[in-house]
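Quick heads-up: it's one chain on its own, the form predicted on its own, in structure tokens.
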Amino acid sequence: MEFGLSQEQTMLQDSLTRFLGDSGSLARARVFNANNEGRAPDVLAGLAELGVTGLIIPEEHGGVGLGLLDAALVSEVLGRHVTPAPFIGSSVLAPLALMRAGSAGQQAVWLPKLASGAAVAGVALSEATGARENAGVTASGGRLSGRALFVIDFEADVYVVADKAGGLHLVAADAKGLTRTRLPTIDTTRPVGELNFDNVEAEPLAAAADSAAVVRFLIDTGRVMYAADTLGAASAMIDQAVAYAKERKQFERAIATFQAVKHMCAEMAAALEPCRSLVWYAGHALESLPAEASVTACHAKAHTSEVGTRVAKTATEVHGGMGFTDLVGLHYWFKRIGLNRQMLGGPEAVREDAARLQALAA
């Protein structure tokens, strides 16, 4: 039994780290933010060349054919480098929806485009995890009406949309009657938005016997991916805090020699490290332990969200006043962790979901 990553998985993370490091991830995130970009085509092209955009897509459709644990490992690296590129929606959830609920024709049309990076897919699932007032999508006669909020990978060519009854639909970004509005959030590295449907033509994903079960699986997978992204972002903040503490001097001593600062750094590392095995196990369970997948996804998302928030706060405190400046740029990781915490359910809502799954709550 293996309790660590395989050599191939380590190589996957290393190659992606080299690419993102060479491309200057923080500098690219700054430019992305300043120009209010939607996709960062140069980063997307590099990810496509590495096979990231087609990571879980079968080889017969132009993908790499890896698993969801591998996708979680990629999400961790992307979070570590605050990468301004679509992944969770376009490269994980949308392909999964097509693979599990799409027809052979739908798969033949869209999977190769997604694998090559020629198309980006957004995913509207938020209402399936907790609908806001006046939100939700209804389907009738091959058309959609209603409102979907916090769409993942919003700047897209096509959308996978969940309706109130648990059905899934494909909607072209330029469909007549569809209004798209980008929503302002604290994280400027990954656009999210709102879709308003006014009797919009949609293509049902109807190949699955139980599309509601597919929606549930997409939510579980998305939660694991967001937890992995938070894990990577929090790891980066700890490393930056430790490096700063070694360099910053007070009273002619590096602040890393002060016991209080040592304790802050040690407590961050001690809190975050168990999240790594929790996220890895949740990624493994998605495909290998289906009976445990939903509960472990909930635990990974809820716990990593709370630990990540605490790490973000403490790492900023280690930097003192510099931690709040754009010069250091810690706020990019801080805000990314904040958005990850709320997407597809905050810790309180996700723990309530886990309680229901285990019959501990009505």
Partner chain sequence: MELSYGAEHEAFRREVVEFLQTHRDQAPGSGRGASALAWQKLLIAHGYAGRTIPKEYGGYGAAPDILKSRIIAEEFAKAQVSPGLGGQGISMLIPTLLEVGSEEQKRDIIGPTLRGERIWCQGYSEPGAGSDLANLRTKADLDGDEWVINGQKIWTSTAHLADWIFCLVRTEPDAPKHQGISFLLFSMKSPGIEIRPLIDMTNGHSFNEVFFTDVRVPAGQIVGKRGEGWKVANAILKHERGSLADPNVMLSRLNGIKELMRSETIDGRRLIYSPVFRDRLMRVEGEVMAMRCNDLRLLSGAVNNADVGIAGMIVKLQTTELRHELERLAIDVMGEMGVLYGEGAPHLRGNGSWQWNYMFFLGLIIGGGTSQIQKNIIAERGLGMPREPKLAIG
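In this text the structure is predicted, and so the values were computed from the model without any measurement. Residue numbers count along the first chain shown, from 1.
The following text describes the form predicted in complex with the partner chain, which does not appear among the structures shown.
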Checklist entry - If you check in the predicted bound form, is H61 within 4.5 Å of the partner chain, heavy atoms only? => result no
Next on the checklist: Quick check on L278: any heavy atom within 4.5 Å of the partner chain in the predicted bound form?
Outcome noted: yes
Next on the checklist: Taking the partner chain as it sits in the predicted bound form, is L69 near enough to touch it, meaning that at least one heavy atom pair lies within 4.5 angstroms?
Outcome noted: yes
Checklist entry - Hey, in the predicted bound form, does A48 get a heavy atom within 4.5 angstroms of the partner chain? => result no
Checklist entry - So which of P184, G142, G105, P274 reaches within 4.5 angstroms of the partner chain in the predicted bound form, heavy atom to heavy atom? => result P274
Checklist outcome for this item: As a check of understanding, the residue in A135, A175, C265, V109 with any heavy atom within 4.5 Å of the partner chain in the predicted bound form should be identified as C265
Item to check | Whether R253, Q259 and E306 all lie within 4.5 angstroms of the partner chain in the predicted bound form by heavy atom | outcome: yes
Checklist entry - Just one stretch in 51 to 59, 290 to 298, 25 to 33, 322 to 330 has heavy atoms within 4.5 Å of the partner chain in the predicted bound form, so which one is it? => result 290 to 298
Checklist entry - Taking heavy atoms and a 4.5 Å limit, what residues of 83 to 101 are near the partner chain in the predicted bound form? => result none
